[in-house]
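Below you will find one chain, with nothing else, as structure tokens; this is the form predicted alone, and questions on how it binds or moves follow later.
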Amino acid sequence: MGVEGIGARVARKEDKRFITGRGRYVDDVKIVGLTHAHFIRSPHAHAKVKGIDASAAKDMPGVVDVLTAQQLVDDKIGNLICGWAVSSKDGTPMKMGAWPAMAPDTVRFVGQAVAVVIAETKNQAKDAAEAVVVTYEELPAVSSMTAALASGAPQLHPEAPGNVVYDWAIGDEKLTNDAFSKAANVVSLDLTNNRLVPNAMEPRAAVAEYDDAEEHFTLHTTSQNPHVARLVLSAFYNIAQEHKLRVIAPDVGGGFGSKIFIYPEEMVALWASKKVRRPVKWTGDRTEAFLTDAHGRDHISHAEMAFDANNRILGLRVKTHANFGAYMSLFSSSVPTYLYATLLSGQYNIPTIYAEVMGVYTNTTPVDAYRGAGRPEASYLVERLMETSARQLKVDPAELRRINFVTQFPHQTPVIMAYDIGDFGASLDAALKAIDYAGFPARKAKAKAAGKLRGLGFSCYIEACGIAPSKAVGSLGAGVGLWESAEVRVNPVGTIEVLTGSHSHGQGHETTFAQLVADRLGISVDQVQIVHGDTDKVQFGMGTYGSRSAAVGMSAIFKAMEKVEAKAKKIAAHLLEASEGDIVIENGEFKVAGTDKAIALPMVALAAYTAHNLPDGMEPGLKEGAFYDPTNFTFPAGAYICEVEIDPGTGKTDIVDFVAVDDFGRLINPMIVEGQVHGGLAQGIGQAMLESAIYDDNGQPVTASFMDYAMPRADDVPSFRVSHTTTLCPGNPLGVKGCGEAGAIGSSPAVINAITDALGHNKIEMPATPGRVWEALQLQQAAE
């Protein structure tokens, strides 16, 4: 490893432009003739659209046009799709209601668009929108799954009787029931996984331009996967043929899953640019983000775990209701099924599992993947159940986990996943040492003497990253392959461009991807440029989500690099009159092993392009491409321990210590990995203690701004102590596993386990706000 190669703590190359204000985001895009869009959105959760009168608005200053949903329908623009087919346990396909980009006849959640104003300026568009008169006939709404499933409940979609999307199951029901019948102890728990609003720093935005001469569209958008966006927009939405559409995702200020999907605004902006023959720009404001960005989580579950007389797990039963909101989003069907239930084995050797998941429509914002996507929900359920079991069985929570850990690999779980490698005990041991577990009773006693309550909570999480191989996910209903592509171009002067189908929206790819190239060639990362986010530059790619960028994206670069190096060695051997097998690469030079004969990379590259003296039959140039489709998911895992102190007079909870020990396989850049973990921990703690999207009984969002929805602030987040154990992943050439979502997956159960330990009972749900904690304390005091 060189000073800038794999494993080095290289400062992020991209940060210079970000911290000096020179990042280029969608809202920074300026095009001659640009117009601005403002959407007219429903104030009702459920209503018929009876009429739209835009006559006054069209006469206002600067207004170019007012376009309605009916015009969209007349132009045969397709409905939004869900890209992962999931069937009910009886074999019937999921019930997907039609989701038009703007609602022509029925709105089903507050914020759904019915029309759009196009004007010369943003303010003119906003002013004109207030003059558009929309007549609604309000309909009864259901905002909770309980209300949606009740007899006689209002129906959202004729395609989905009873508001049920699917009733899906995984595992062996009979075998699981048999295991429970033999159990010495059964522990049960009811859980709510609260709904979250993503709130990336940069709101969603789109700039669409139609070139009439070329009949060609260009879309600048805040997307985590521009190639998939182009594919879906062309193949399903009838916007344009694929070769007539360019999608560019420049700098993107955070995604967290919420920018994977195709949203109505992008479709409408493209369509409108052709209608008005002008470029169209839309930048969402924070209120629109709360109302329309795909929300996350929102599960209600009942779980039971069976143990034998030696406290070994015999089986697990789970029944989960998952709220989809008003429509099915791009990957929403897979989140509570194949991304959730397949991780219910956790780190434990559970012989049999049976899980049922019912997807439900409600008159709320659609729900889809949010950082972790199913795995946080699974981790929360399993780890809350393990902690509760330890208390009921009167077993040390660390030891209960330890005796049930998977220790032999590979390990086939009863819910599809086959764990390839790991050392769960090592992570737990490291976390116990770091938190000073043996000293906790003394700290608890000291806190009690000071009138405070002290609690300790564990979370031993596992996740599945990479979401591949394509054949496997295809068999489970995925509509696309989940490989990745890369092209490595060595220019005639020896600088290198890496074109990747992965996309960076805060992960530091411009640094870590360059480190891989620098490591292999012994050059500086400054000689390497990473190109991504443009469908006209990169042939194709599947984007960034599911912690796949290193395990899948970098593995594609690795394969392309191998091809480049092989050709470069042939050229160097020819020029140095040596055997190809004797050529080694060191410090940017191709050397003949055991001699002083060497030729620098720029000279090899120049020779490749001048082509004056190449081996017979060799094509000029020095660039190679590769596609990489993994053989298995990767399985990052870790042990988190949280220690809290509660003020019983106010219910305020302080996290006094938080230890995170993760196994991510090989670390490309430890500093960036730690930053990813810190961010994930902050989001998981936010869910555990602060965040929750609430709707009233009429489907009106109660938490539609930061006045009502509490994001973590600096004083809500402790100083984390992060460390790593390492087992190298055997499923990819780099041995990496993925780190982007781990913190958000493992932290919430650790926090709630610590709070319930301090309270002495389980009667609290996320978010554990001071008010809820205080009420839980009163319940405890009343019981005593």
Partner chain sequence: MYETTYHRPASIDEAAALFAKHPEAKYLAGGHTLIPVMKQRLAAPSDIIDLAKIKDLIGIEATSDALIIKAATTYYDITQSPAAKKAIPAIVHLTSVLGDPAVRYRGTIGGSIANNDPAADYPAAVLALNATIKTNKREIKGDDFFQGLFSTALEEDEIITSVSFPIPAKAGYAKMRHPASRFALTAVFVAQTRSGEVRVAATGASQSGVMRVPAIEAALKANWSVGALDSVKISADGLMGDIHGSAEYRANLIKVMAQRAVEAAG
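Numbering follows the first chain given and starts at 1. Because the structure is predicted, anything quoted here is derived from the model rather than measured.
A second form of this protein, the form predicted together with its partner chain, is not displayed here; the remarks below concern that form.
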Using heavy atoms only and a 4.5 Å cut-off, decide whether all three of F658, P670 and F720 touch its partner chain in the predicted bound form. no
So which of S88, T703, S234, Q527 gets a non-hydrogen atom within 4.5 Å of its partner chain in the predicted bound form? T703
Answer for Y709 alone: is it within 4.5 Å of its partner chain in the predicted bound form, judged on heavy atom distances? yes
Even though its partner chain is not shown here, does D716 get within 4.5 Å of it in the predicted bound form, heavy atoms only? yes
Is I694 a contact residue for its partner chain in the predicted bound form, using a 4.5 Å heavy atom cut-off? yes
4.5 Å heavy atom contact, I421 to its partner chain in the predicted bound form: no
For the interface check, one of 175 to 183, 481 to 489, 649 to 657, 386 to 394 should have non-hydrogen atoms within 4.5 Å of its partner chain in the predicted bound form; which one? 649 to 657
So which residues in 117 to 136, when you check its partner chain in the predicted bound form, have a heavy atom no farther than 4.5 Å from it? N123, K126, D127, E130
